[in-house]
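Next comes just one chain, in structure tokens: the form predicted alone.
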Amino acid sequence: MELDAFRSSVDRWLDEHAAALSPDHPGMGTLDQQMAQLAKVKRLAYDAGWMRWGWPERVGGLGGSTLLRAYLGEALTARDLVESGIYSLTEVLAPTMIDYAPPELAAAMVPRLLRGDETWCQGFSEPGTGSNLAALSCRATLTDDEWRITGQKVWTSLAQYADRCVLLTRTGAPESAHRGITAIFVDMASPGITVRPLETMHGGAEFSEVFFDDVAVPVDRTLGEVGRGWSVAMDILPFERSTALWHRGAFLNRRLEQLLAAAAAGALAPAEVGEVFQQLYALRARSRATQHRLAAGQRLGPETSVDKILLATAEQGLFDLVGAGLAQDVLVGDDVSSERWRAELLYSRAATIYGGSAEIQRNIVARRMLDLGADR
């Protein structure tokens, strides 16, 4: 299906099914409510066929350009039907399964994620390693027909809801660094897994710390080659900074429109509004180019760090404007709208951290794109 026809058909379907797709809760809702809403929307969109476009037929998709699924997420986000961050985890993890899992495993699992029957999480970060992912120590030991995993992960998004986890483990000697890492697809209901949610300052528990105590995983759940998990990680990270950011950008544009409608006359300085608009436009232009490179089959790499830098700048700039234009509502308002603005303003402080910190992204640009040398 061509993009223009897809866009028109999706918009018409969304209009016709607005009542069924609408959230059952006012405002942003709790995280539990957001997850239930996400599952409902994905199920309806999958059963209608829209959620399957842009994905390969071998995993239950209907084929077509990746631009089709990019537009679907944009449309759902812009209509406030899903929260962009949790919706876009599909865009981060499904491509990894398609590229690295045994074909029969990918064919069985990916449709469950696309339809909203399952939630997956990404087990990368660990306590004490900071941004040095290669220093991970969660260990997997191979026996005759299974892995035995012991260790800890932290900042694992939606782990308390997840049915599966794309997990990075240490399978070689620590000194082997990148060459000693293996990616494994883990069932989160496996004995020995403990999940402890972490509440953030905006009042949600989006992240968790996860403990693995001698967890058994069949060896056929290995993603890619043993000891080559770094390649899996390097393929996942650009997806965090491509279609996921396109969806986040759609959310930010929508919130700017809503801010301009809600702010009292004179509350917003035209120059500041113009600067935020410029930041969002730059993000959208850059992200659009990334979407078209992805659709053309080009390999995404360190250049997506530019997208992430632009996203963080635009998100924090927008919500700084919210703080200025809706100060009273944000500080003391007790209605649903005020609570949402307040939570989003607080969450925006993490924009320079989530998906890779701003400092690390600038290092990547400097070292891998501009060849300015290694850190000293």
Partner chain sequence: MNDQEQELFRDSLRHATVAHTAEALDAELDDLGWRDALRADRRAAVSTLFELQGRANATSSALDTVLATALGVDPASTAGVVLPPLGCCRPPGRVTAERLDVRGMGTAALGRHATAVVAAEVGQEQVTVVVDTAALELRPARGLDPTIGIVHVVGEGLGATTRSTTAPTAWTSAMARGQLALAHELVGASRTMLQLARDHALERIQFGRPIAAFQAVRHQLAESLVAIEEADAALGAAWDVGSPLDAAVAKAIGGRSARAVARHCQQVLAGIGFTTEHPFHRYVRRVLVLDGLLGDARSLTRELGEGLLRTRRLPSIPPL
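This one's a predicted model, so the numbers in the text were calculated from it and none came from an experiment. Residue numbers count along the first chain shown, from 1.
Same protein, other form: the form predicted in complex with the partner chain, not shown, and the subject of what follows.
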- Query: So, Asp15, Trp147 and Ile353: all three within 4.5 Å of the partner chain in the predicted bound form by heavy atoms, or not?
  - Reply: no
- Item | Close approach of Glu2 to the partner chain in the predicted bound form, 4.5 Å, heavy atom | no
- Query: Is Phe185 close to the partner chain in the predicted bound form, meaning a heavy atom pair under 4.5 Å apart or at it?
  - Reply: no
- Query: Gly128: heavy atom within 4.5 Å of the partner chain in the predicted bound form?
  - Reply: no
- Message: With a cut-off of 4.5 Å between heavy atoms, is Tyr281 one of the residues that contacts the partner chain in the predicted bound form?
- Response: yes
- Note on the structure: Note: the partner chain not shown here; in the predicted bound form, the stretch from 117 to 125, 189 to 197, 233 to 241, 259 to 267 having heavy atoms within 4.5 Å of it is 259 to 267
- Message: Only one of Ile309, Val59, Leu31, Leu44 gets a heavy atom within 4.5 Å of the partner chain in the predicted bound form. Which one?
- Response: Ile309
- Item | Candidate from Ala205, Val273, Leu142, Ala216 lying within 4.5 Å of the partner chain in the predicted bound form - any heavy atom | Val273
